[in-house]
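Only one chain is given next, in structure tokens, and it is the form predicted on its own.
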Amino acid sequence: MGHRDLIDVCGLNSHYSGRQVLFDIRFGIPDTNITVIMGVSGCGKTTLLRHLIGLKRTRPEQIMVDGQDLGKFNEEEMRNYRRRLGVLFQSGALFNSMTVSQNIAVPLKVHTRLSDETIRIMALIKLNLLGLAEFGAFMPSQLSGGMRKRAGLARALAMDPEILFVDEPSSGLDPITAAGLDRLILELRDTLGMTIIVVTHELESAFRIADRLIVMDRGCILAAGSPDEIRASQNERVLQFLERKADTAEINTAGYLSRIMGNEITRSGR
């Protein structure tokens, strides 16, 4: 059964201080699927994410959401769009002065008129969903890195979003904890029918969870397709990324530094 594209990126260009950083980006995000956007650091992933979330203004006719032009949204339409979103930032972005339960309650207090008791119960439900039922009274500083990510994810899910954005979920986590978070993301897709967009440079994680992969480099899309289609790509830059090969310039720099250090050691008589 096919999936409709919930979000269409149709020729997105982006600039910072007059410098172009995204070039004619085009791809669709199918509903109830996991779309993974991956590439090396500085390739434009985070800028693209900021456009999709509405944190960076988009020009008209460049991003469509359910057929509506994101670039033409007024303030109220943008607020309504953001209510449909949950976002897990790379650091978890928890408020250090609040307990885990209080952190999860923040979106509900800001965006709803629910009673404090109802909000407390809803926060507890999210804690249970993420396996954190015993840690609601903990402060973020008392949690491990993996638990902070889970707590951030619980807060991202507080409003029962239709679309979940996840920025570098595996960053700073050990392989076992990262695999557990990947499994959680898959369960959210399967049990809640969420549309999930993950930004990462972690190859193993990307291929583990993706229904669709977007490979970026230097502000452009190199390849888009299923994990199998990406593995079969003949694009040299895609192959370099998948095989973790350093750029020639980086290799030459490393060799140059090695020679310099070798000469220094020789001169010092060591």
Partner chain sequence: MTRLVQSLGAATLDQLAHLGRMGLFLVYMIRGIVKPPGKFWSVIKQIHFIGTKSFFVIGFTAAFTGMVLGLQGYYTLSKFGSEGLLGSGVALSLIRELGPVLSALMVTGRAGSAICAEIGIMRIDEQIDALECMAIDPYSYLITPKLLAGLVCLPLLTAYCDVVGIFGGYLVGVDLLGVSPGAYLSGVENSVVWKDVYMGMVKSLGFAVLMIWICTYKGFYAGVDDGNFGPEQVGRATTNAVVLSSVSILAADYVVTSILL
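Heads up, when I say rigid core I mean the largest set of C-alphas that superpose within 1.5 Å between the two forms. Model, not experiment: these values are computed from the prediction. Numbering follows the first chain given and starts at 1.
Although it is not shown, the form predicted together with the partner chain is what the next lines describe.
Heavy atoms within 4.5 Å of the partner chain in the model of the complex belong, among the stretches 225 to 233, 48 to 56, 61 to 69, 207 to 215, to residues of 48 to 56. Residue contact with the partner chain in the model of the complex: F89 places a heavy atom within 4.5 Å of it.
Although the partner is absent here, A93 sits close enough that one of its heavy atoms falls within 4.5 Å of the partner chain in the model of the complex. Proximity of V110 to the partner chain in the model of the complex falls within the 4.5 Å heavy atom cutoff. The partner chain in the model of the complex comes within 4.5 Å of a heavy atom belonging to M98.
Contact check for E134, R150 and A178: none of the three has a heavy atom within 4.5 Å of the partner chain in the model of the complex. Residues in 117 to 142 all lack a heavy atom within 4.5 Å of the partner chain in the model of the complex. In the core-superposed comparison between the shown form and the other one, the C-alpha atom of D116 has shifted by at least 2 angstroms.
V166: CA moves less than 2 Å between the shown form and the other one after rigid-core fitting.
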